[in-house]
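Alright, two takes on the same chain below, each alone as structure tokens: structure 1 and structure 2.
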Structure 1
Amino acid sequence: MVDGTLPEQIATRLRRDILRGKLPPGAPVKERDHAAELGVSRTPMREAIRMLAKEGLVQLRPARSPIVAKPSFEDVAHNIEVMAALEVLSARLACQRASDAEIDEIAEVAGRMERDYDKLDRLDLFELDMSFHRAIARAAGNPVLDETHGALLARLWRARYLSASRKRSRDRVLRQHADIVTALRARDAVAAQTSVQAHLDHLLVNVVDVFDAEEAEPAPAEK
């Protein structure tokens, strides 16, 4: 990820700071200060902030400092609801249109995740899980679907990052991934849609747990 465009570099940097908790929810994102801190001018910083706003990581307010978004449980639930619809559609279309190679690729991601589950840290696992879902969306052969799904998934980064740490869901997640791959291989659209929906339903349950845990211990901020 050695990308060239400056605003994207800034956005990547800010995104990391937000996800890792260096910029906690509610913190103001003043373009002057952050621009100075990174040694860039306000113009690209401005554009970077807009990008993060589009991803839902920061919240723009009229005539006010943008602040780091603090997604409520309802926000996350709403996101997952839409994500589920898109992934169910992806699964159905993938059964019709995906090449065998694309399905192999999905299976490969699932396989690597299963093989290395205990070797990898939770950030790596998180990335793997993301790419599994991205691969399904891509296999649907609909660029608009792929792009929309990507935008939505980006919004869920923080919530999914937290919920990925729930290692106890390991067996269920791996089994559900395997179910999805099996259904895709069989080109069984009904089974694929059902499996994907079930997987996302469980993600919602996990997120409920995370929010409950956060409520118990309010500030996990890992500097």
Structure 2
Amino acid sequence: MVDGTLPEQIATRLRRDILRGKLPPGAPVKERDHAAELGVSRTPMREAIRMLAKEGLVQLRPARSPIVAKPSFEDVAHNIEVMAALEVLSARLACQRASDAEIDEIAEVAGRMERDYDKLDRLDLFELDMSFHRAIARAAGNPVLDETHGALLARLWRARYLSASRKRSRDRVLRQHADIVTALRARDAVAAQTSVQAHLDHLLVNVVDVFDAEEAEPAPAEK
């Protein structure tokens, strides 16, 4: 497991199982079974499930096992609209407020992604990509924006992962990341916003494809 408290480590493991499809939408998350599988007690497992519920990945139910959330397309689309606006705003504010060190950090993430793109597991690559977007939000210098962006990204984690997986384009992604870094280094807010918007333009279209594919799949049976 990764670094962090035990509940955080468990949450990371479950989150990755959800993204990989081991726990598909609608599947029960059985506290006792998962605790036994991971060799942990039910207390940290319960806390991990609560973390995922706050992120919107798991839905809690009274007197029944939680289930992997299955948000509607409308809910996801509304979240994408706000998140995209925040990412464009983040780019503009980062041009004005980010320190050189913060821009160096953003560039370093983009560089790692370029170096390791063909070596990384698909999920590791996705998490690195999302760390690029989170670094820009932090560099905007607005804690309210940063917190809101983090919460929205958590809710969209699965949809965005599936979108990236279905419409993966190595050259386009790396070029757009490089364009964003160039604009940030030049403190060119217009270019930064334009580059971020171009990077996000196909997200909603890709999510439509994800929902269409999932509608054709049978829901998992609860045991």
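From a predicted model like this one, the values you see are computed outputs, not experimental measurements. When a residue number appears, read it as a position in the sequence of structure 1, where counting begins at 1. Between two forms, the rigid core is the largest collection of C-alphas that superpose within 1.5 Å.
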Tell me which of the two structures is the form predicted on its own, please. 2
Checking Asp188 here: with the core superposed, does its CA move 2 Å or more between structure 1 and structure 2? no
Core-superposed comparison between structure 1 and structure 2, Gln197 Cα displacement 2 Å or beyond: no
Once you overlay the rigid core, does the Cα of Gln176 travel 2 Å or further between structure 1 and structure 2? no
On a rigid core superposition, how far has the CA of Leu52 moved between structure 1 and structure 2, in Å, if you could check? 4.0
Core-referenced Cα shift (Å), Asp17, between structure 1 and structure 2: 4.7
